[in-house]
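First comes one chain, alone, set out as structure tokens in the form predicted alone.
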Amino acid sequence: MRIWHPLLGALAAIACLASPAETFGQESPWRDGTLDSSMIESGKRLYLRKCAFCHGSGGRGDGSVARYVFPKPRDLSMGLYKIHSTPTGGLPTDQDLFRTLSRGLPGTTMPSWSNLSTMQRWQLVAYIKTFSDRFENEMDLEFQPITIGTPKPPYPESVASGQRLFLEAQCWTCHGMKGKGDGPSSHTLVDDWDYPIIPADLTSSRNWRGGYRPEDAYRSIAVGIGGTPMPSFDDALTEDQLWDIVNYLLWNIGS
């Protein structure tokens, strides 16, 4: 475990509480749920130029280079996304999709598209949503993001509690005792498409695919990673316990 000093504890608490809000592009340009056809058409042109090589022209993850990359590109026609702020099984919000396009998925071939303009990224979101009927058929369900409160200061007691919970919740069976993604189950895991999948190496927080801020880690643990064996712990653990695990990951395992 890292050496703890009272000054480090105070600085950590301040950094935790002052974690900046991450707003990629603010709200979606369509607020009534109706997508503008011109945005969809513009998004299609961008998608075919930028995304189809991996995800395929029909969004099924079968592009011309898909066989050469690992992990495999997402099949967008299923409406299942790894990174989302909604409860398990819920569709991602428009902001979730925009965030993934803007940030990319570290450790994969999915790059950040922050070099595109804000409107271009929203156009891609608009077109990507046409691949799955879920976005139209389940529109009335109004999937809402989970509530993420103020991060808990990472004092030693919280980090120690998080370590105990990491063991009790069996996180180590996939992620390994030291969080390197080398647990005893790590080589047997497959995703919802039956492709092999490797648990995240938690020792490098900058490469966490859902983001490395405390709020990002909380969200990933609470709602899980869609289409993968990583489950939701929102019902199994209290909010306080979730923050304890976040603090253990960020202040003991992650770097």
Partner chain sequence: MPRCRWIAAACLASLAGLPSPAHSLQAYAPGEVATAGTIRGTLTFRGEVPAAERVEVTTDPEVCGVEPRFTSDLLVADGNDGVQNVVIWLSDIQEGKGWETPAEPRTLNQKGCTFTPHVLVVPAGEQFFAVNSDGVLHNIHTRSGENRPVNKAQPGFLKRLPLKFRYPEIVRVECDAHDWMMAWIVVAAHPYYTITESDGSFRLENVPPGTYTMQVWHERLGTLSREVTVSADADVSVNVEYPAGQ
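What you see is a predicted model; the values in this text were computed from it and never measured. Residue numbers count along the first chain shown, from 1.
In what follows, reference is made to the form predicted in complex with its partner chain, a form of this protein that is not presented.
Has each of Arg134, Glu168 and Pro231 got a heavy atom lying within 4.5 angstroms of its partner chain in the model of the complex?
Yes, the whole trio is in contact, each within 4.5 Å by some heavy atom.
Can you pick the one in Thr88, Gln95, Ser112, Thr118 that has a heavy atom within 4.5 Å of its partner chain in the model of the complex?
After the contact test, the surviving option is Thr88.
Taking 4.5 Å between heavy atoms as the contact cutoff, choose which of Ala66, Ala52, Leu189, Ile40 touches its partner chain in the model of the complex.
Selected option: Leu189.
In the model of the complex, which of the stretches 170-178, 154-162, 123-131, 100-108 has residues with heavy atoms within 4.5 Å of its partner chain?
Of the options, only 170-178 has residues within 4.5 Å of the partner.
Answer for Glu27 alone: is it within 4.5 Å of its partner chain in the model of the complex, judged on heavy atom distances?
Contact check for Glu27: no, nothing within 4.5 Å of its partner chain in the model of the complex.
Report yes if any heavy atom of Leu80 sits within 4.5 Å of a heavy atom of its partner chain in the model of the complex; otherwise report no.
Residue-level check for Leu80: yes, a contact with its partner chain.
Against its partner chain in the model of the complex, would Asp240 count as a contact residue? Criterion: heavy atoms within 4.5 Å.
Although its partner chain is absent here, Asp240 would stay clear of it in the model of the complex, with no heavy atoms inside 4.5 Å.
Is there a heavy atom of Tyr212 no more than 4.5 Å from a heavy atom of its partner chain in the model of the complex?
Result no; Tyr212 lies far from its partner chain in the model of the complex.
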